[in-house]
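Just the one chain here, the form predicted alone, laid out as structure tokens.
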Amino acid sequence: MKNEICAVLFDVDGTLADTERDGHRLAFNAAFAEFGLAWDWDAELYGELLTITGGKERIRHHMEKYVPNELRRSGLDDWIADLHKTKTRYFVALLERGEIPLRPGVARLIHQLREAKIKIAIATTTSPENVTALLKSTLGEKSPDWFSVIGAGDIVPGKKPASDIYLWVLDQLGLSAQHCIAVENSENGLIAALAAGLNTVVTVNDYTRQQNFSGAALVLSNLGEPTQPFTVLAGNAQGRKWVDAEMLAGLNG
């Protein structure tokens, strides 16, 4: 039966929480200051840099485009890795202070999927440390254990829009794409999920709202709550006001 949903695969940054503008961006800038760099990623520049997937890749792209002389550093790869590790420390500290909440509907849907015995998994390019810190700070200390698979960071060679992370998670779950659905927020994420054969629900944010979401099963403002219905941007929500397991099964029909 095609519309039986066995697992829901969640992206993290911008999907579970609005982590980018007032989370990762601030952490990058704090790391730059600690390293004595006169770099400042304002909100507009960071929006541009978000087209590059992966933090280390984003740093390198910034160097190539804006400060090419810095590429001559000896041990460049290790230096970028250390800079990114420092950024992660600042980001985790933000999470631990409770400064980055989950987006509307996320906690409700996760709890409902667990009650319905539907597996949940993570498919992201952010680091495992970031994922764990976000989950613990918003859903509780034991919440990482709720996820059957957490695919994160450099566990696969190709980052989104490559489908590698989704294919890896599906393999770990032992499930075919037709019995799963993905939740994403960006064009790169959607491309990756579709390439893995996954029906995909997109919940946009300020950075991704204008991107191309052709092929998505549904494009929404967020996952919605009974007291805070989502806005449908593309697709047919069949009169529903918030995403739940029944709705996802219908989308996969």
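Since we're looking at a predicted model, the values are computed, not measured. A residue's number is simply how far along the shown sequence it sits, counting from 1.
Another form, the form predicted together with ligand XBP, is not on view; read the next lines as being about it.
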| item | value |
| --- | --- |
| Ligand XBP in the model of the complex: contacting segment from 24-32, 63-71, 195-203, 218-226, heavy atom within 4.5 Å | 24-32 |
| Heavy atom distance at most 4.5 Å to ligand XBP in the model of the complex, all of 12, 84 and 126 | yes |
| 4.5 angstroms heavy atom contact with ligand XBP in the model of the complex for residue 213 | no |
| 4.5 angstroms heavy atom contact with ligand XBP in the model of the complex for residue 47 | no |
| Partner proximity in the model of the complex: residue 163 to ligand XBP, non-hydrogen atom cutoff 4.5 Å | no |
| Ligand XBP contact in the model of the complex: residue 20, any heavy atom under 4.5 Å | yes |
| Residues in 58-73 with any heavy atom within 4.5 Å of ligand XBP in the model of the complex | 58 |
